[in-house]
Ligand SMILES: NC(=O)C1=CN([C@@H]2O[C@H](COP(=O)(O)OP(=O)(O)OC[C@H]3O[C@@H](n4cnc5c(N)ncnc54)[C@H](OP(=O)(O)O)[C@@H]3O)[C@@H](O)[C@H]2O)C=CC1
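Take a look at this one chain, the form predicted on its own, written out in structure tokens.
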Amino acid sequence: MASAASRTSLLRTRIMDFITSMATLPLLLGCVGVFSLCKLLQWLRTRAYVRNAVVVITGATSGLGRECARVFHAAGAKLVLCGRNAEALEELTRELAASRATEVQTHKPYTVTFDLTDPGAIVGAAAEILQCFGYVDVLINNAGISYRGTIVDTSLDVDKRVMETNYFGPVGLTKALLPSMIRRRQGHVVAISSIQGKISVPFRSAYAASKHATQAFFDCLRAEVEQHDIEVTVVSPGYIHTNLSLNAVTADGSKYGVMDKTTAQGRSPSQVARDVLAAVGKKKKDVVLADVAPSLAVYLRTLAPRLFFSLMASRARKEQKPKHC
């Protein structure tokens, strides 16, 4: 039988445990409250940053560009939507004008139709963009094309086509609009790159090369324009459930026309668009929006390159042709 002393000690212990638990609960609730408040303030700051801001989006008629148009429009941005298809741009404008699911004042978008692969059209398009509102706050370089093929079978014209769309086009438009940002000492340039701008996988050579070039250019731009108070954000998504693989070009320049398995299982473009909005609002410099495996591969490429190269070589041997992944 337990002694009176031991029973008293046990009772004291239980009382102390009870008091401790009661003291811990308010602390935990307070931490949750502070965290929630921080998230709310962060969300409000993001919305405030883009509200009434002039936002230019290239490749706005489909995929991620179209979803970015919806998300930024709902956040109250003044949009200038760019693409090659004037009819599709007008259709998107009507859709946005008809939408009412927003708590802020929205603005009717402008449209500018031009081909980003035509260097001669970019300067004129930039002038037309500036005429819409007189300035640009945020430029989202989103337009792009994908590629599937073996290096040995791919003509140089295909490499050039992919590079013109994914690299030289965004670079040309950025250079055309940059002087106006520098004069105002205000602006934000966004490049929608890819996880393949950080790592390369077999049968994506032209695409990965264009995205590696994009990463390098905008990293340099960020350093050079910081003195002018201009922000630069590079967003590197993984697979997104869009028609990118369907519209990809192959080694001979023809359309790939296949929905890759990984593309079909990729993130929804609406979610990625919201992540882009958050990255812009938080003025993030470099953002990776990919699952665990490709995100780890980025570090593996740097920390254990021999292993990374071995894995990529093994992958190439297994596929032995443009993959349907």
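As the structure is a prediction and not an experimental result, all values here were calculated from the model. Numbering starts at 1 and follows the sequence shown.
Omitted from view is the form predicted in complex with this ligand, to which the following refers.
Counting any heavy atom within 4.5 Å as contact, can you tell me which stretch out of 238-246, 149-157, 171-179, 72-80 lines this ligand in the predicted bound form? After filtering at 4.5 Å, what remains is 238-246.
Does residue 90 reach this ligand in the predicted bound form, with heavy atoms at most 4.5 Å apart? Close contact is absent here: in the predicted bound form, residue 90 is far from this ligand, nothing within 4.5 Å, heavy atoms only.
Does this ligand come within 4.5 Å of any heavy atom of residue 192 in the predicted bound form? Yes.
Contact of residue 250 with this ligand in the predicted bound form (heavy atom, 4.5 Å): Outside the cut-off, so no.
Contact flag, residue 144 vs this ligand in the predicted bound form, heavy atom cut 4.5 Å: It does: once this ligand is placed as it appears in the predicted bound form, residue 144 has a heavy atom within 4.5 Å of it.
Would you give me the residues of 105-129 that have any heavy atom within 4.5 Å of this ligand in the predicted bound form, in order from first to last? Residues within 4.5 Å: 114, 115, 116, 117.
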